[in-house]
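Form predicted on its own, single chain, as structure tokens, below.
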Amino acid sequence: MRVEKKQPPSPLPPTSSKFPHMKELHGLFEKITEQVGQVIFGKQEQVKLALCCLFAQGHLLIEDIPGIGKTTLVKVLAETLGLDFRRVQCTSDMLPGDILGVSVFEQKTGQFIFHQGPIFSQVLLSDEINRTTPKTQSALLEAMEEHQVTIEGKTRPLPSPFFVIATLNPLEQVGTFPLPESQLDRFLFRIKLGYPDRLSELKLLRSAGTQRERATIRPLLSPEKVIRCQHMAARVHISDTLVHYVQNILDYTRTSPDFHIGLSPRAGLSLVRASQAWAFISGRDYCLPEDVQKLLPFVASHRLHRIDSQAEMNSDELMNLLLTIPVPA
């Protein structure tokens, strides 16, 4: 669907004093996308979506078959952003303590000493999250929502920024457990990488892998700069008219007979924050209707189910949904 661009009512000017270095920031984001693209060929849009998800202070779910490059994408992105990275390989016998950490008795001191788990990192990759049991999956719920964990009755804060990226194998594959709705709702975006195009795959095959390109990766941001970008993205102007447009989308999903359950208020907040972050990395300090329309499939696809089949909505169905909702003038 091609939507005609419409200017928002009384937008802030592109060179507003709110973000005096917007041009430099936009150039930096382009460099980040370009550097990650040296290792992950032909996936510039997915890299921008991951960056948008981080700046919107959300979490990312990547669903696809093994061997597509999901894990490599996360590693290279963390290195490029200068963030502490840890990985958890999920298996059916994993326990919550393998993620959160455990207390171990020290004979020398006669006390239990807490040993932090991999969740105490700035970027946590939960690889193949649906290969572990729902009990272990639930260990991430509090962390993803409140950026803290409660272990043995004590609340422990997590590092900042805190960004969970989980990879998900298709449910039809052997040894997978479905993610409950409460877990899926914690993820701001769900994206797919898909097979590379022929030109990108040919480039990958000729390079015989990505180890040489990985050696050239250098940090372009730092934890402090990432936090600053998150605060700036939250200040991007979104007009009342555009907020009403988001609310109209939510209302439609709740009243339409096509959906089993409509979008929650958390989903609406996610769509607003994501639209602000997308405008920010696009070099604007105001949101457009196109930002909402661009991101709706990634925000809603894992939250909406058709009432007739219980199947999740695909991108084409979500874009058709937008045709029934008037775009703000």
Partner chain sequence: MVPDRRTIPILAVVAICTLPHFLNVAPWVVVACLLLWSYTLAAVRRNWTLPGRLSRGTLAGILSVLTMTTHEGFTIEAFVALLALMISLKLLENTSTRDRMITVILCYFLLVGGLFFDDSIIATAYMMFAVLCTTAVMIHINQGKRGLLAPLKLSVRLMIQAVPIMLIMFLLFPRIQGGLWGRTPVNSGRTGFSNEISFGAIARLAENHEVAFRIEFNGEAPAREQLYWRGIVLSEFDGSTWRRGNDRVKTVPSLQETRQQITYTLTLEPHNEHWLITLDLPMRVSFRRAWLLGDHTLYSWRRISQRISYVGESSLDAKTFGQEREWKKGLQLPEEGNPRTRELAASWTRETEDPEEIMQMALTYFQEQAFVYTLNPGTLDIGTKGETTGAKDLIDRFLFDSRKGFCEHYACSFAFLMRAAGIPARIVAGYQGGTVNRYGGYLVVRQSDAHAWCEVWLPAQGWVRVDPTAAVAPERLQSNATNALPAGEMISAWSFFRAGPLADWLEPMASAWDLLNSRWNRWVMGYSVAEQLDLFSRLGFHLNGQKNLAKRLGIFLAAALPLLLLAGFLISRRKKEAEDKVASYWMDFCQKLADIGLARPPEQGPRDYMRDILKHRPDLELSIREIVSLYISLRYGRQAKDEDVRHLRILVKNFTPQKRRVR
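Positions refer to the first chain, counted from 1. Since the structure is predicted, the reported quantities are computational estimates derived from the model, not experimental observations.
In what follows, reference is made to the form predicted together with the partner chain, a form of this protein that is not presented.
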My question is simply whether residue 290 lines the interface with the partner chain in the predicted bound form - judged by any non-hydrogen atom within 4.5 Å. yes
Give a yes/no on whether residue 169 approaches the partner chain to within 4.5 Å in the predicted bound form, heavy atoms considered. no
I'd like to check something about residue 63: if you look in the predicted bound form, is any of its heavy atoms closer than or equal to 4.5 Å to a heavy atom of the partner chain? no
Is residue 183 a contact residue for the partner chain in the predicted bound form, using a 4.5 Å heavy atom cut-off? no
Select, from the options 160-168, 118-126, 241-249, 67-75, the stretch whose residues sit within 4.5 angstroms of the partner chain in the predicted bound form by heavy atom distance. 241-249
By the heavy atom within 4.5 Å rule, which residue out of 99, 149, 236, 90 makes contact with the partner chain in the predicted bound form? 236
Check each of 298, 55, 29, 286 and return the one that places a heavy atom within 4.5 angstroms of the partner chain in the predicted bound form. 286
